[in-house]
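Presented as structure tokens, the chain that follows is alone, the form predicted alone.
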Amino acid sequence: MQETHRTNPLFAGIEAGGTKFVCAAGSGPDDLRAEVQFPTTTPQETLGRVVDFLHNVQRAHGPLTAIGVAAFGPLDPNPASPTFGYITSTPKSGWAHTDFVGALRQHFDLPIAFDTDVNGAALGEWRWGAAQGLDTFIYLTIGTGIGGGGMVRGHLLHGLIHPEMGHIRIAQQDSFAGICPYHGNCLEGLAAGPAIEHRWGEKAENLPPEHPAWDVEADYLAQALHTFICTLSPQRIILGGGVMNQRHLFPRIRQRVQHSLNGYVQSPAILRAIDQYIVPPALGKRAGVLGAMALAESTVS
């Protein structure tokens, strides 16, 4: 193993979440040489801890080859933009218009890749996980917020900025106002973890499988997947995030997607093998930080 470490390049991955940061270094899931996590506080304090981690990695393991950042957003992932590397109009208090990449470049003269947390996780699953061998798929995270990313024809999804799949409109089942500060009752406002807690008065992880919240949740997520199947035609859909730790959600969502599509999409993946079509991340909770490392790897491949 030590010989492998000496010959493999050393990539750093930073999964920048609204609640916590996870940082790791290595060359892949079988070669993680350092890993740490800490709460997301102010930009100055949190990015300072990132810089300290990266310096410590280089002291212990040698020079880094590249850095990958997979961050909460909205953000600017366009290298040609004057605000590339910024977290932009985020509702996360204190983080709007933060020059994330610029803070790293003050200390490291290295290639730095910067993308959304969900695009990063998607790339990690494509490189090492549930999307291996595919060229068109989506990754959704359902947790503190709802975000989506993925690939189309082998390229991570970008455009005007980046996908914001958590902010599509869906048909409501009741008059709950939703909690999104921008849209109220968008998908995130109705189906993210805090929305479940706000509506039912209990954290999602404390609700038993037979609670009516889960039928509502499955319906909202199935509506979203119907939309994404009909617009992006993904070869697979990967559902991650804390809410999806409730594994009983998967069969409920699959059944509702089949019912909603009503045979219109004539693919065996949906008609006969939907349990291999809508799946959890193969990399589990490490999809984000490994995806950030995959972003770093992409700068030199």
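Numbering starts at 1 and follows the sequence shown. The structure presented is a predicted model; accordingly, all values stated were derived computationally and were not measured.
We do not show the form predicted in complex with adenosine-5'-diphosphate (ADP), though everything after this point is about it.
Candidate stretches 47-55, 272-280, 238-246, 252-260 - the one whose heavy atoms come within 4.5 Å of adenosine-5'-diphosphate (ADP) in the predicted bound form: This holds for exactly one stretch, 238-246.
Single option in Cys186, Leu157, Ala204, Ala222 placed near adenosine-5'-diphosphate (ADP) in the predicted bound form, where near means a heavy atom within 4.5 Å: Spelling it out, the residue with a heavy atom inside the cut-off is Ala204.
Selected contact from Gly178, Pro111, Pro74, Gly193, since only one has a non-hydrogen atom within 4.5 angstroms of adenosine-5'-diphosphate (ADP) in the predicted bound form: Exactly one listed residue reaches within 4.5 Å, namely Gly193.
Non-hydrogen atom contact Trp128 with adenosine-5'-diphosphate (ADP) in the predicted bound form at 4.5 angstroms: So Trp128 does not count as contacting adenosine-5'-diphosphate (ADP).
Exercise: Phe84 in contact with adenosine-5'-diphosphate (ADP) in the predicted bound form, heavy atom 4.5 Å: Contact check for Phe84: no, nothing within 4.5 Å of adenosine-5'-diphosphate (ADP) in the predicted bound form.
Exercise: Trp214 in contact with adenosine-5'-diphosphate (ADP) in the predicted bound form, heavy atom 4.5 Å: Yes.
is_contact(Thr90, adenosine-5'-diphosphate (ADP)) in the predicted bound form, heavy atom dist at most 4.5 Å: No.
Residues within stretch 146-174 having a non-hydrogen atom within 4.5 Å of adenosine-5'-diphosphate (ADP) in the predicted bound form: Nothing in this stretch is in contact.
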